[in-house]
Ligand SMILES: Cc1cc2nc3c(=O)[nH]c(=O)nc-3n(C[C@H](O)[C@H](O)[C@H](O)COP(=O)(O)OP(=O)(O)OC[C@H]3O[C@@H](n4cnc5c(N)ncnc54)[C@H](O)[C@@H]3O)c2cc1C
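We begin with a single chain expressed as structure tokens, specifically the form predicted alone.
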Amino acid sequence: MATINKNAVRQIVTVLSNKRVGAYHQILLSVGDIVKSCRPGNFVAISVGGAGSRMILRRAFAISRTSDNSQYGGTMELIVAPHGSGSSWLCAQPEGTEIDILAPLGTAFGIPTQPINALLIGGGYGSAPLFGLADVLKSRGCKVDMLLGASVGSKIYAPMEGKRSVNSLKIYTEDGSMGETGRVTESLLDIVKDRNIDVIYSCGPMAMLRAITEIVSVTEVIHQCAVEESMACGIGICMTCVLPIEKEDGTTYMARSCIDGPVMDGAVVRWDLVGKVPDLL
């Protein structure tokens, strides 16, 4: 049975900066030696609301990037959309605020030992963790292409940064306000074939992850996806983030995306049963 990430620690950290970037907030935290254990795909669980808050559950946020430099030491970057009460509270925290975090949590993206052709696909602010992953892949000699998609152009996170991070970048918006009109899956099969893609790494809405899995099922491409499920505890206790996973013998079991994921092999997720209670055989 999977257990909590062995490197996870609880720590009080400081907000170094909080900048508005398009529709999102780019929040930089001073986290010290935690960065040494962080890998692309990991997430952080943050205590939100402050002292006396009724928001007793932590909120999970994907780690965008980490770095270790002489000026700030170990830093962690988060890209946050102020949607709910917890994320809105975090986005309102000014420089110098101290917050309570638990990190790193969850599984990370698998990094190849040999150079490969990788395609990174991000939906909305879900693309943020892919920039740090691109850095790691390029350091291993991989060719890295990226597709970014959103409903409108304002929800594409840092398109210029994406362009600098990879060998090639294509942007899709459903309303045509940026890049090509449509979704990231529009010409996916052609892109996979034309660029001899070996592995797809994706992060974004569950519908997008399912569509990618179904499209590449006719190929030999591996699809590593960071699933988006609501996590109430982040450490495998509450069972609110379970996903139906198919075993090698064809039976289905419920995996906890906070500790068995969030990075999973898209081919083993029972996308047709997500959000349902299957018969476990």
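Quick caveat, the model's predicted, so the values are computed rather than measured. Each residue number is its position in the shown sequence, starting from 1.
Although it is not shown, the form predicted in complex with the ligand is what the next lines describe.
Decide if the three candidate residues R58, F61 and I79 all line the ligand in the predicted bound form, where lining means a heavy atom within 4.5 Å.
Result yes, every residue of the spot touches the ligand.
With the ligand left out of view, which of T185, T173, Q93, S87 would have a heavy atom within 4.5 Å of it in the predicted bound form?
Of the listed residues, the single hit is S87.
Single option in T219, S53, S230, T252 placed near the ligand in the predicted bound form, where near means a heavy atom within 4.5 Å
So the residue touching the ligand in the predicted bound form, by this definition, is S230.
Report yes if any heavy atom of Y125 sits within 4.5 Å of a heavy atom of the ligand in the predicted bound form; otherwise report no.
Flag for Y125 set to yes.
Within 4.5 Å of the ligand in the predicted bound form, counting heavy atoms only, one of 208-216, 243-251, 221-229, 30-38 shows up; tell me which.
Result for this chain: 221-229.
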